[in-house]
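Form predicted on its own, single chain, as structure tokens, below.
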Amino acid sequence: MQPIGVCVIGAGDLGRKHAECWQQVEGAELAATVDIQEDRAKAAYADFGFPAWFTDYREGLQQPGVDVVSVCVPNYLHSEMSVAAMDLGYHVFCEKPIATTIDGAKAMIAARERNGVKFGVALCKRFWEPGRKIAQLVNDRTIGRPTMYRVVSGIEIRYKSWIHDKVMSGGPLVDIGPHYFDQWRQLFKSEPTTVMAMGQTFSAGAAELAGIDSEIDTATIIVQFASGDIGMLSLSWGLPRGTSTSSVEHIMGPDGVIELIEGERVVLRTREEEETVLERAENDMYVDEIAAFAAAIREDKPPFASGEDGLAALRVSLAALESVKTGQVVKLNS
């Protein structure tokens, strides 16, 4: 088996997670780590046994033996670095969101096409075992159709302050929203048609975000799908330090309710009975998504989550921001 050489750009939490996961993929070899902060690059080099480290991603991309690049940097850099890697002939696995702008996402898809490489987006909830069980129940019409998927969550201001920045991240709705919007799109087997949202910026003026131009961090978003199903995400990433809310996920239908408890246990409630259909996830969705991308390279098949999938999720995030700011329902192009 020809080894797959991996360059991981970004040595923060997600970059380290990618390195750890690539180490568990048969036939993959770490080739280089890159981070603009020298101490983080050196730490990843030492901890994971990378043969080389760099602070400039362009130098990392010149390291011999690189076949695939994991892009794990702040969101606004995803497009630039992914396009650069693909233009050198490398396959790219990019963290979500695909980009912060539609043009950036389209540039990444265009780079894939002109270079004939694989390009995948890290929409890891596709490998989330509770999500797969929920999808099975919904598509078996166990609770009837159409359904409403409701998520309610609130957490404190993020310690990675750049996540709140309008330019660097696009804000929490762009950073975390794609996970849910992609999940709903797959679950309902349908495209989103309209988005309506209301929100605020709870973190505005927070001392820990001094110098950050904060984007909207608290919103309720309603997404209508062509299938008639509805997704509702009500979240805050702007609560004060030391505060949070419990997270609630319900999928409601005319014949029953599916509840996700503590992010793992899936409970089905119908008129006749209550049943725990999944107690806990047994897999590591992060390892599974990277192993699937490696398989796509080896077997020359499409990645599990494509650039087009990433773009579709980003469109919903940006539509939600637009709706909050304009007070209008936003219609999505088919």
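Numbers follow the displayed sequence, beginning with 1. Just so it is clear, the structure is predicted and the values come from calculations on it, not from any experiment.
The form predicted in complex with a small molecule is left out here; the points below concern that form.
Undergrad: Suppose contact means a heavy atom within 4.5 Å; in the predicted bound form, does that hold for all of 72, 75 and 96 with the small molecule?
TA: Yes: 72, 75 and 96 each sit within 4.5 Å of the small molecule in the predicted bound form.
Undergrad: Going by heavy atom distances of 4.5 angstroms or less, which of 235, 122, 223, 258 would be at the interface with the small molecule in the predicted bound form?
TA: If I apply the 4.5 Å criterion carefully, the residue I get is 122.
Undergrad: Taking 4.5 Å between heavy atoms as the contact cutoff, choose which of 229, 182, 217, 175 touches the small molecule in the predicted bound form.
TA: Answer to the contact question: 175.
Undergrad: Would residue 13 sit within 4.5 Å of the small molecule in the predicted bound form, counting heavy atoms only?
TA: Answer yes; at least one heavy atom of residue 13 falls within 4.5 Å of the small molecule in the predicted bound form.
Undergrad: Indicate whether residue 283 is a 4.5 Å heavy atom neighbour of the small molecule in the predicted bound form.
TA: Residue 283 lies outside the contact set for the small molecule.
Undergrad: Do residue 276 and the small molecule come within 4.5 Å of each other in the predicted bound form, heavy atoms counted?
TA: Contact with the small molecule, no.
Undergrad: With the cut-off set at 4.5 Å between non-hydrogen atoms, does residue 290 touch the small molecule in the predicted bound form?
TA: The answer is no: residue 290 has no heavy atom within 4.5 Å of the small molecule.
Undergrad: 45-53, 266-274, 29-37, 298-306: which one contacts the small molecule in the predicted bound form at 4.5 Å, heavy atom to heavy atom?
TA: Among the listed stretches, the partner-contacting one is 29-37.
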